[in-house]
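We begin with a single chain expressed as C-alpha cells, specifically the form predicted alone.
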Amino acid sequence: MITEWNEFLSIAQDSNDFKHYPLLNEESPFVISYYQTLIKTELLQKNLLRPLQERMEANESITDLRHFSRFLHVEDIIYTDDIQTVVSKIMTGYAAIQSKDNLQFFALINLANPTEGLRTDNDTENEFSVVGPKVGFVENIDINLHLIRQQISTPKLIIRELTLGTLSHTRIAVVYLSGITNPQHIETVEQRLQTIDFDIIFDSSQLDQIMSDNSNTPFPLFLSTERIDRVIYALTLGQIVIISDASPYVITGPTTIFDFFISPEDYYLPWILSSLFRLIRIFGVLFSILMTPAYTAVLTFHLEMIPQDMLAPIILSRKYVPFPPVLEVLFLELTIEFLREAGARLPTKVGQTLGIVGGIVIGQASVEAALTSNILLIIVALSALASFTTPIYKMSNTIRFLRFPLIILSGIWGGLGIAIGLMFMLTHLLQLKSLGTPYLAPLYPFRRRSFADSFIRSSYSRTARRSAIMRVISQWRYDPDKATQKRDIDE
C-alpha cells in the first residue's frame, strides 16, 4: 500500500499545485497532502490549521488521527487505509492527513469548493455553440486551473507555474497530461517561456506571438480559446495548454491548420452531421478567399470564361461603373472591413445595428451611384459571410487578410496571378511548424490514420487512437470495441 501511495506522490509532486508538507511545522507528527486548485484556502485555515494551532498553544498533544473529529468543526471526515479511496477523494478537493508513525492510515477532510469559478458572466462570448457546455474561462488563473481540475480528475494532470514580466510578474501555468504528452514538446514550451524577457504580459496572446516558431506569418500557430471543453479535449489529445493570469483566453499547441476549423459542437452531434458542417466550413473559407479574386480575374482577363447567359446581366450591372474590376472589388472589400471594425469597437447593440443598417444603406447607395455592380455586391457579401464560418477568431482574421494580395495579383495577371499567390501561400504553409509539428499535417507529411478527425469527424469507434502527428507516449484514448459495444440488459 505504501508503494501505491509513493507512486501517486511521485506523479503528483511534478505539479506545482500539489502540496505535501508537515502540518503547521517541521516538528509536527502529521503530514498533509492536497491540491491547492481544488480546495478553498479559507476552509483550510478556518477548519484545520487554526484549530490545530489553538491546541498547540494550549499545550494539548494530539497523537492519534482519530482525535481530529473532537476539535475540528468539519462534518465530513473520513478515516481509511484504502489508497484508491484516498487518491479519489484528493482529486475531488479533500485534504489527506497522515501520522508520521503510521503512514498507512489517513484522515480525509473535505475542503472542496465546488462553486468556485461559477459566476453569472463567464459564458463564452466569441465561441458560442448551441449544443454543449457554455461555461468559459475567466481572468483569474486560480479559478481557471480549478475548472480544469474539476473536469480531469487524475494525478497525471500536471501544472507547472512560472512568473514572466519584469514589471508585471504575471503568473503563467503550463498544463499537460503526464504519460501522454510528448516530453520534447513540454521541454520546448518551458524553454521558450523561460527565455522570454518582457516587461509586462497583458494577455496570453502576447505569449502566442513570442513563442511562435515563425513570427513573420499571418497564420496563427497556437490555438487561442475561451472554451473549457476545447481545452480539455486538447489535453486528452496530448497537446500542451498555457494559461496566463488576467487573461480569459487559453492557448494550446502544437496545432495544425485543421484544428482551426474544428468546433466543439462537432463532438456533440452525430458524426455524419458534424462531418458535413466541417466540410461546409472548409468550403466557406475557400469561397471567401478565392471568390472576389476570381471575379476580378475573369472580368479583367478571362471574359471568354463567362457563360453566354450571364453576359447580359454582368454587362448591364457594370454599364455605368467607371472603375476597373480590381478597384471596384477593393472599394467594396474595404467598405466591409470598415463596417466590421466600426461594429467591433462600438457597444454590442449599437455595433450590430450599425453593421446591418450600414451594410444595407452603403451597398444600395453604391449600386445606385454606379460605384459598383450589384453582382459584385452579392459576391462580396457572401465572401464576408463565409469568412465567419471559421470557429476561431484569429484564423478568421487571417482569411480576411489573404483576400487582398490575391485580389491585387488577379488584377495584375488574372488567373496566373491567383495561381502565383496560391503557390506562394502553399509554399509558406509547408514551411510552417507549431512546436516542431508540421502545420499542414496530416496532408504533409501524409498520415492516413490522422484523417479520422481532420476534414471530417469520424465515429467514436475510429477516433480512439491519438494522432500520430503529436508523437504522444500513449496512442490510445480508450478501447474502441468497448466504447461502441451495445449491451442489452435482460429484465
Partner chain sequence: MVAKRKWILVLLIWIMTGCSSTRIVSEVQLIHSLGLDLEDQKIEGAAITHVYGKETTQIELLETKSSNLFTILPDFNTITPSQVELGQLRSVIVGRKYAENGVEALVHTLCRDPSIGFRLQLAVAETKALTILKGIRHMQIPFFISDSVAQNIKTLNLPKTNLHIFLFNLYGEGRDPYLPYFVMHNDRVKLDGLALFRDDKFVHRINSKESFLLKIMVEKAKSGQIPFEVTIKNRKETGMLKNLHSHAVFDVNMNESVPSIRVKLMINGQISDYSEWLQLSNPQVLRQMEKELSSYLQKEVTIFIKHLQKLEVDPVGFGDLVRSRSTSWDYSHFKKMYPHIKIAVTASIKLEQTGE
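Residue numbers count along the first chain shown, from 1. Because the structure is predicted, anything quoted here is derived from the model rather than measured.
There is another form of this protein, the form predicted together with the partner chain, and it is not shown here; the text below is about that form.
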Here the chain appears without its partner; judged in the predicted complex, the stretch of 92 to 100, 374 to 382, 151 to 159, 312 to 320 with heavy atoms within 4.5 Å of the partner chain is 312 to 320
Residue 188: touches the partner chain in the predicted complex, heavy atom cutoff 4.5 angstroms:
no
Is there a heavy atom of residue 325 no more than 4.5 Å from a heavy atom of the partner chain in the predicted complex?
yes
Partner proximity in the predicted complex: residue 413 to the partner chain, non-hydrogen atom cutoff 4.5 Å:
yes
Heavy atom to heavy atom, is residue 285 within 4.5 Å of the partner chain in the predicted complex?
no
Assert contact residue (the partner chain, in the predicted complex, non-hydrogen atom within 4.5 Å, options 86, 111, 145, 409) equals 409
Of 273, 342, 306, 361, which one comes within 4.5 Å of the partner chain in the predicted complex, counting heavy atoms only?
306
